[in-house]
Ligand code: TRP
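Below, in structure tokens: the form predicted alone, a single chain.
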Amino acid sequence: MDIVLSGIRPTGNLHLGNYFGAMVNFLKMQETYKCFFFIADWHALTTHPDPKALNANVKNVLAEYLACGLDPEKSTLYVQSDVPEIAELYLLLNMQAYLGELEKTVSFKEKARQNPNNVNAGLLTYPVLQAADILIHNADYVPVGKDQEQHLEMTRNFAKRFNHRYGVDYFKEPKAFASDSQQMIKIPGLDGSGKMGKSEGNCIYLTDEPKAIEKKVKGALTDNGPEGENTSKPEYIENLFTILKVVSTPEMVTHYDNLWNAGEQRWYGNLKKQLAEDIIKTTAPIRERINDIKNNDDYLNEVIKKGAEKARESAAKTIREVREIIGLTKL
């Protein structure tokens, strides 16, 4: 069975974009593939997070993954730092990573420019740790966005370099997972931008309370209405309709489409009210499940323990075989 691996940094809560985007595919993947989903707490250390906040964020992300439908009986869910074999493979791959190629990484150059006082070695070798995350399970596929394609290409390079150096055909060259574009929906931000994201500050989180959702939707960017009949919607209005399509009924979408095409004005307030109500209906059951799971430490600890055991079984096999290939065997 093909292996799929995906990770998330514990830096904040999941939002609508995560849920209708990646999560839709994750739920489908776990029915077909051998999936490993991990919380990348080591990766988060490059920004020196507060220890208490890091621990809380790991717990939050795990609870949200479970509440959204990831099944620990079907997939392996684990915390990165619970699998020390990843750190060993990270060290071994670093021996074959070159300074020049790491310095050319787009993400490194951007982070170094944004935070010139925090250009740490972990930031420089970030792609190597990502490669170790993937290669530790010899994954076939990795669900990645455009911003991660370079790192996946570097992982393939590290795999090829290892195989060539030691004359083996051991590591696979992982491919980007071909998402089902008909199911995966790109959720735009409420600020008129084309993407909902944490860094953009335009998110509706799955844990947002109804009043917070109403306030955010009310503040969404709009204008004075259509300038005439059957005119094109500007991007920021089209964005609202995109969200409406995933949380409301087809009849409701048609109703507001007709208002736009007729050139009617003064209905944005009703649209926003309807949109907020339907977002609340969509997220309320998930928020309740998240809160229930977060308050069940016994269940969370059981999931993490079992996930670590399953992940380490796979990782230990890789490290054992890599050591033998390299020559790091006991006398």
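None of the values given here were measured: they were computed from a predicted structure. All residue numbers are counted from 1 along the displayed sequence.
Absent from the display: the form predicted in complex with the ligand. The rest refers to it.
A residue is said to contact a partner when one of its heavy atoms sits within 4.5 Å of a partner heavy atom; L77 fails this definition for the ligand in the model of the complex, lying far away. Of the heavy atoms in Q130, some are within 4.5 Å of the ligand in the model of the complex. The ligand is not shown here, and in the model of the complex it never comes within 4.5 Å of any heavy atom of K310. In the model of the complex, none of the heavy atoms of F37 sits within 4.5 Å of a heavy atom of the ligand. Proximity to the ligand in the model of the complex, taken as a non-hydrogen atom within 4.5 angstroms, holds for one residue of A220, I187, L93, V142, which is V142.
With the partner removed from view, the residue among N138, Q148, N163, N157 that has a non-hydrogen atom within 4.5 Å of the ligand in the model of the complex turns out to be Q148.
Of the stretches 37-45, 258-266, 53-61, 279-287, only 37-45 has residues with a heavy atom within 4.5 Å of the ligand in the model of the complex.
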